[in-house]
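So this first bit is one chain, no partners, the form predicted on its own, shown in structure tokens.
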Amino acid sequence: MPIVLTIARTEARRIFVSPLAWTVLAVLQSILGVVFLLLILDYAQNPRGPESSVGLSDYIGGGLYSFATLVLLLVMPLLTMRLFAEERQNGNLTLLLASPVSLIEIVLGKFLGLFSFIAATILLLAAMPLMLLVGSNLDLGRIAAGLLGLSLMMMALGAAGLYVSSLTREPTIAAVASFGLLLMLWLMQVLSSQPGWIGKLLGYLAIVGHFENLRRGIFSSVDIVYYLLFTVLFLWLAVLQLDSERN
């Protein structure tokens, strides 16, 4: 465990020292800040009464988090592209694989380092709707469910990007391939309208469908298990890929 934490600290330091991480955070918050203000203005101009099924938490918090998923789909490949591809390009991966450190520790350390960025993003996203606590009846349960869904989805996107980065030595190729993989998983939600078992299978595999349930405040073990299994699967695939190189 200490080795995992050491690798995680090193990776987190490398992420936050890079101008890319701060640029991504700044752009992400600027875009989502504008969306947040537009949602507030629209809600103020068209207030929902008690008879409405769409409350403040649903409309502003849910709307913000739904838009955030689209932005994160574009952002995560940029953050994961360097995890292993740049190490391989610089020759550092060969030294890392030759060290007396298990592959699981290497992958987990890299992933936990990436999670530090995910945590920073979630904290900034949580700050915006929580400002509405002053003078409004905010449903904290629904906000927490949306944040949980975003956290789990970002973990899944990060694990997939980490795996793709382990396949190549070019960060740019890793970013494009990661985006293609994540977009395909995203579009499965559109194809889930197909009749029969095919539609049900695509609906379950679609990465965004499970988030929508959590965004609406519906806690389901199926959705949480999906994201955890997705994350573990791609982390394990990354371990297998590195193992093939070590041998």
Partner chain sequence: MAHEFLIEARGLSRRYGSHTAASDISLSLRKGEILGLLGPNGAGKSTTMKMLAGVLAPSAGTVMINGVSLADDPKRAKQSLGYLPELPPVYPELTVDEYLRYCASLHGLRRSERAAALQRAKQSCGLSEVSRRLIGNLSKGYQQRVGIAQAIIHRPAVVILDEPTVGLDPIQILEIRRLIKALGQEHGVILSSHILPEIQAVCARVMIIHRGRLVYAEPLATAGSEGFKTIIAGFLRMPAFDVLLSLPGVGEIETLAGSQIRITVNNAGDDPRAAIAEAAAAHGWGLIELHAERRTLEEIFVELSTGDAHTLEEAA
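Residue numbers count along the first chain shown, from 1. As the structure is a computational prediction, the values presented were derived from the model and not from experiment.
One more form of this protein should be noted, the form predicted together with the partner chain, which is absent from this view; the next part is about it.
*At the 4.5 Å heavy atom threshold, is Arg82 in contact with the partner chain in the model of the complex?*
Although the partner chain is absent here, Arg82 would touch it in the model of the complex, with heavy atoms inside 4.5 Å.
*Non-hydrogen atom contact Leu167 with the partner chain in the model of the complex at 4.5 angstroms*: No.
*4.5 Å heavy atom contact, Glu11 to the partner chain in the model of the complex*: Although the partner chain is absent here, Glu11 would touch it in the model of the complex, with heavy atoms inside 4.5 Å.
*Would Leu123 show up as a contact with the partner chain in the model of the complex if we use heavy atoms at 4.5 Å?*
The answer is no: Leu123 has no heavy atom within 4.5 Å of the partner chain.
*Within 4.5 Å of the partner chain in the model of the complex, counting heavy atoms only, one of 115-123, 149-157, 95-103, 70-78 shows up; tell me which.*
That would be 95-103.
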